[in-house]
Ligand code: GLC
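To begin, one chain is listed below as structure tokens, in the form predicted alone.
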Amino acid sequence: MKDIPLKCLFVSSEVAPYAKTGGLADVVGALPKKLRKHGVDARVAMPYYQSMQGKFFEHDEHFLTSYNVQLGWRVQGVGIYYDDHIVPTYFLKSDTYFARPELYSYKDDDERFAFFCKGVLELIRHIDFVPDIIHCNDWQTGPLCLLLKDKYSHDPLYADIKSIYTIHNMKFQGIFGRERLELLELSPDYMSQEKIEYHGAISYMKAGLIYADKITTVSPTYAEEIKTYEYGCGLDRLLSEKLNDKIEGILNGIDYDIYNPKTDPHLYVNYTYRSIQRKKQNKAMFQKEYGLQEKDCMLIGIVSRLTDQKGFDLMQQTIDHLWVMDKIMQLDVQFVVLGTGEQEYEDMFRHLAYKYRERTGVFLAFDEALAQKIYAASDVFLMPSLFEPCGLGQLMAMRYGSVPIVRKTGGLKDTVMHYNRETKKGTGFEFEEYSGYWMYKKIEEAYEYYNEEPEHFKQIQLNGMKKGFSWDDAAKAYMKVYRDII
């Protein structure tokens, strides 16, 4: 079996560089590419969103085929476009469902992604590629696992196909009304706790969990956390009891072709761990370009979605009758924030930028090039997450010599080791209790190293830059999982 090339079709609602709202896109953009280098015939299927059209390939020249998709009593057409300049990718085009400004948050998201799941399964009838594995990702693809197992597997074309379901974030489960069973042509029998019922509704994520042949998460710690009440989002008993034996945590990596300070075209000055002194030039030039005081003080970077999950409510707690944010700014530090999200946190950072004009840069946007400049310019990188399935920001930060300050949860726990001044081992600073006080204390600790013990601070930077977080290890782990279930 080991000599037979594996065939794997990744199915995802977003894939970098085509469409991205978070880490899911980065994972599905990088992992298939790495698997192909290991001999796997890995391909991708994703929606063809309005925002993609005209950006990546000549539209008409890449048309492959079209067919109809049955959704209950509805029949909707889908057009398939194909491009292989990065990874062989099938784009499912529907003006009805995907010709919209945003990827998600529409009232008919249940119908949109039911269509996507059925459209992908029907795709196999129309192309010269029958995968051994269909690798599904997050709630948008959960119904595919169910349909493959209970509906399509009776067809000889699909009988030998296995499915893997990867959880990138348990919080988002795709919960919809029970009347939506008809979209998937499912009988009322599926409204049971043993199947996809969830508190009187149906859960697309639960469909993936129950019906996939294997479940993976994006870090080993998160694989254990989701079996607990605190992190399981209502599915902890299902995961810890019924599904425990088919869950495995495989740590994400980052794409070293993109996130490499030696070759990154977005940096002012390129560098490696051997020439880390050049990192300071990136900070100085960043300060000049974006109007920060041009001085050598500790620069704290944040690149993140601005949501409760990411721990930004900790900045609104108080220490000594001060907001934690103001307490941090009493130190001689600068702050740079890039991201969008909840209005509350956008307003909080707007206030920060107003109050500390020459010490703060706040960019309420999504900008990949600016993100990479921030990784290179910042001295420390803050991720105080309430929970973090894996986290990619801390991996990118370490790659660029920015020292992570993180809460000890999920993938942050798996990837960041608190620095030990005696052994000179460790890659950052961790705190465990979810509180603004302990977040501040770790920022203060990093600040003291930066100002009073610069050789130790440099050692932490070097330790992080030398750590290996490429996709090679993850790709090998996934290949083993694939082999085990086919």
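Being a predicted model, the structure only gives us computed values, none of them experimental. Don't overthink the numbering: it's just position in the shown sequence, from 1.
Missing here is the form predicted in complex with alpha-D-glucopyranose (GLC); even so, the following discussion is about that form.
In the predicted bound form, at least one heavy atom of K310 sits within 4.5 Å of alpha-D-glucopyranose (GLC). Taking non-hydrogen atoms only, T415 never approaches alpha-D-glucopyranose (GLC) to within 4.5 angstroms in the predicted bound form.
Proximity of G401 to alpha-D-glucopyranose (GLC) in the predicted bound form falls outside the 4.5 Å heavy atom cutoff. A residue is said to contact a partner when one of its heavy atoms sits within 4.5 Å of a partner heavy atom; L35 fails this definition for alpha-D-glucopyranose (GLC) in the predicted bound form, lying far away. Contact with alpha-D-glucopyranose (GLC) in the predicted bound form, defined as any heavy atom within 4.5 Å, is confined among 355 to 363, 111 to 119, 168 to 176, 232 to 240 to 168 to 176. Note on the partner interface in the predicted bound form: the residue among T141, N252, S304, S378 having a heavy atom within 4.5 angstroms of alpha-D-glucopyranose (GLC) is N252.
Proximity to alpha-D-glucopyranose (GLC) in the predicted bound form, defined as a heavy atom within 4.5 Å, singles out one entry of A42, M439, I460, V27, which is V27. In this stretch, 198 to 237, the one residue having a heavy atom within 4.5 Å of alpha-D-glucopyranose (GLC) in the predicted bound form is V218; the partner itself is omitted from this view.
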